[in-house]
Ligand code: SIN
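As a starting point, one isolated chain is supplied in structure tokens, in the form predicted on its own.
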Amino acid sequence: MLGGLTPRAFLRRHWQKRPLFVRGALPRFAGMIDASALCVLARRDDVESRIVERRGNRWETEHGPFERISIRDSRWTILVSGVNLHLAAADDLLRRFQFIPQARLDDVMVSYATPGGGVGPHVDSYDVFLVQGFGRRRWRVGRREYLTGPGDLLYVPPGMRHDGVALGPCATYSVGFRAPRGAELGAAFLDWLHERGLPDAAYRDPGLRPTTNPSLIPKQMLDFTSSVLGKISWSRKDALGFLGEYLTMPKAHVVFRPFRPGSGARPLRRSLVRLDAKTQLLYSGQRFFINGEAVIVPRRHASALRKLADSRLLDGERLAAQPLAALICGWRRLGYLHFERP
């Protein structure tokens, strides 16, 4: 898939450094969803989608969900994010890139374009692998030009200007990676600290005297503010707790389907346990984070749960000891994972 490069060589030579183009990276790959099925997804309110149409030198964008979609003859594109959450084949495509930490994997976005369609020249702040489905597309990446056909792969590092134009009806599968910015992390971390009890105190000034400068910020108020903020502190353990919950938190539109036990319920010991495509399970030592929640697992059970997190599929026999079994069954009820026939 990487043109003969090992993952280690690819990361050393190309990752966040220079583009990589591989002809026939996925032999016989022509896509996994057609335009009509993509439009059906774009009408759902639990799916992110947009339509981009080029008019002269302008690109007009409309965001979904859409009640009706009318495919134009030319210069028209529909883009649906998170297709891997709804299509097993797209999730399989995403997991082919697991030589990169799952904490960095984001989603598979599928775009269908008519001739001349595209989103215009742009720069992404994250890495992206572009896998061509059916049809052909001309890409300009920096000063280079690439013509992609079915099964071709193009890697584009962050911060590199690129533009893809459909040469005919075509579909492109974009495997994207998340790269939170410092300001984004900082704002989310302060919210996380606030939920766990930031220092709280009410400002009082019983000795207040009349002022001749009413617009002057009082020194007592500045002293109070400085003192309160100085009491805010955190440790590396706090940073890990925040990061694990932050990285696994589902996007706002993601919905899990709870499991409702019935007569056909399979026992854990005789099942394969598979994480739901929408589930993100990460870990550090004995601390595990799943869909924005945190849990500490006894040392003797941590290795089995780490195996489930890494492979996303595990024999239920390895998870059947208590208290791990109760945790797994609880996650099943929430729809975070599923029991399957071996």
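Because the structure is predicted, anything quoted here is derived from the model rather than measured. Don't overthink the numbering: it's just position in the shown sequence, from 1.
Omitted here: the form predicted together with succinic acid. The next part is about that form.
- The listed set 174, 248, 114, 102 contains one residue whose heavy atoms approach succinic acid in the predicted complex to within 4.5 Å, identified as 174.
- Of the candidates 86, 136, 75, 162, 162 is the one whose heavy atoms come within 4.5 Å of succinic acid in the predicted complex; the others do not.
- Using a 4.5 Å heavy atom cutoff, none of 278, 282 and 328 lies near succinic acid in the predicted complex.
- Per the 4.5 Å heavy atom criterion, succinic acid in the predicted complex is contacted by stretch 124-132, the sole one of 87-95, 239-247, 216-224, 124-132.
- Within this chain, residue 109 lines the site of succinic acid in the predicted complex, having a heavy atom no more than 4.5 Å away.
- Within this chain, residue 268 is remote from the site of succinic acid in the predicted complex, having no heavy atom within 4.5 Å.
- Contact annotation for residue 141: none of its heavy atoms lies within 4.5 Å of succinic acid in the predicted complex.
- Mapping the unseen interface onto this chain, residue 193 falls outside it, with no heavy atom inside 4.5 Å of succinic acid in the predicted complex.
- Shown without its partner, the chain has 79 as the single residue in segment 56-80 with a non-hydrogen atom within 4.5 angstroms of succinic acid in the predicted complex.
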